[in-house]
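Shown next as structure tokens: one chain only, the form predicted on its own.
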């Protein structure tokens, strides 16, 4: 029996064009953690920028060290080449030192035509983190008001929060159901990653349509957990399938680490801060190695995975810092792993494919 066709996902440029034609404003948002609801309360659509992959980085390389990660290098090149001219504002969350540096470059040295805002998400579980992040989100909202001309009421913000939380639940359900969804990994990620640019009210029906195809049997293949930042270049997903693997658990920064549960506070700003800070353990938020290890082990146990693939962007210091202890801890728990480093500006190497194949052969 042939697998069902995946839901048709609108192209990013189509969504942007439709939103702009209706009079809406656009925010280009760099990785990783931010609140979509704040933008939507300003009637502004946040569209994420993970590079993009495969572009010439030379326009931005003069402003950055050669060991800066490909996401930041590609993003700066894209800005300088006019790729984000459609946006009304560029927002750079402090996901790492390289992203913080990108924010400084855009604010002070290679200024784009549109305004630039930053957002700092606190590291580690500190008592003041919720209060600090709530104020950061308020400050971002004030910055957006200068562009949108809108000052959302608390009720309008709560309505935006409710829409986004509903879409977040749909994404979490997708991730939980992954072993039982009869779609190729490339099709699954095409739908799941549409959360990066689709309005919540458009994303949720796509996710629910995919969930309606859930079956009792698990997908055939060698089950693995995928960890890292972003699955670029996307033909890596085909390489997993060609090697006999299936991705059943996701610990990517662009997806699995953004399973945002609703906040607890009645105050909408603290509510949003709690939601971001209570996301799964993440290197870019300074989570402990023990928490990261426990989370990946849980993903593997719940999904029946036999191995973990750490698919990393070259020079990603937050991820690389955790790797030795994570891999040792997984090995002690009977889970093999492999590290594959890529540059999103380049194609997938034969060496990367060979290392992936070797891991899957060792656990098959």
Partner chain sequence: MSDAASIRALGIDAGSTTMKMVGVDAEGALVWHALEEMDPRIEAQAERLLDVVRADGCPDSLPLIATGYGRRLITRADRKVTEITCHARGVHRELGHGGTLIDIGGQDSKVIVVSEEGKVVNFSMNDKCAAGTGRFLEVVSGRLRMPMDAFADTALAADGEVGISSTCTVFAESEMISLLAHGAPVERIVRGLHRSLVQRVSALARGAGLRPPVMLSGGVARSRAIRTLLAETLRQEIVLPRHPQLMGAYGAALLALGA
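Residue numbers count along the first chain shown, from 1. This is a predicted model, so every value here is computed, not measured.
The same protein also has a form predicted in complex with its partner chain, omitted here; what follows describes it.
Taking the partner from elsewhere, residue 302 is found to have every heavy atom lying beyond 4.5 Å of its partner chain in the model of the complex.
Residue 347 falls outside the set of residues with a heavy atom inside 4.5 Å of its partner chain in the model of the complex.
Its partner chain in the model of the complex comes within 4.5 Å of a heavy atom belonging to residue 336. Although the partner is absent here, residue 20 lies well away from its partner chain in the model of the complex, with no heavy atom inside 4.5 Å. Figure note: of the listed segments 57 to 65, 30 to 38, 328 to 336, 315 to 323, the one touching its partner chain in the model of the complex, with heavy atoms no more than 4.5 Å away, is 328 to 336. Not one of 145, 148 and 153 places a heavy atom within 4.5 Å of its partner chain in the model of the complex.
Contact annotation for 330 to 358: residues with any non-hydrogen atom within 4.5 angstroms of its partner chain in the model of the complex are 331, 336, 338, 341, 350, 351, 353, 354, 355, 357, 358, listed in sequence order.
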